[in-house]
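Just one chain follows, in the form predicted on its own, and it is written as structure tokens.
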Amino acid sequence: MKKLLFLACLSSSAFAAEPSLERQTELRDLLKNDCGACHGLTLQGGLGLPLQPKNLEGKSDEFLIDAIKNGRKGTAMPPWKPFLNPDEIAWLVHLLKNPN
């Protein structure tokens, strides 16, 4: 019973399937080049907000996943759901919050 309660407390992104090593490389390139085009090559901000871990504190995984998946209305942030599956988006959110 304790094990079930523990599993229920974990966030849904904890269960995301990890992309293959090849896809992880592609996603890191996408983050640097495509996301970096607006958020800065070092993700410290530009046209888009900074995406450093300290800037993401207090933002839930669900909020960030939704922003990547569906974009942000009224901003230059496009929806990425045509190009990324839910597991890849969750993996990117984890990477942004935990870059090391």
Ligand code: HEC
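Numbers follow the displayed sequence, beginning with 1. Keep in mind the model is a prediction, meaning the values are calculated, not measured.
One more form of this protein exists, namely the form predicted in complex with heme C (HEC); it is left out here, but the text below deals with it.
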Inset, instruction - Could you confirm whether Arg28 comes within 4.5 Å of heme C (HEC) in the predicted bound form, counting heavy atoms only? - result: no
is_contact(Ala76, heme C (HEC)) in the predicted bound form, heavy atom dist at most 4.5 Å: yes
With a cut-off of 4.5 Å between heavy atoms, is Gly45 one of the residues that contacts heme C (HEC) in the predicted bound form? no
Heavy atoms within 4.5 Å of heme C (HEC) in the predicted bound form: does Asp34 have any? yes
Near heme C (HEC) in the predicted bound form, with a heavy atom at 4.5 Å or closer, the residues from 42 to 71 are Leu47, Gly48, Leu49, Leu51, Leu56, Lys59, Phe63, Leu64, Ala67, Ile68
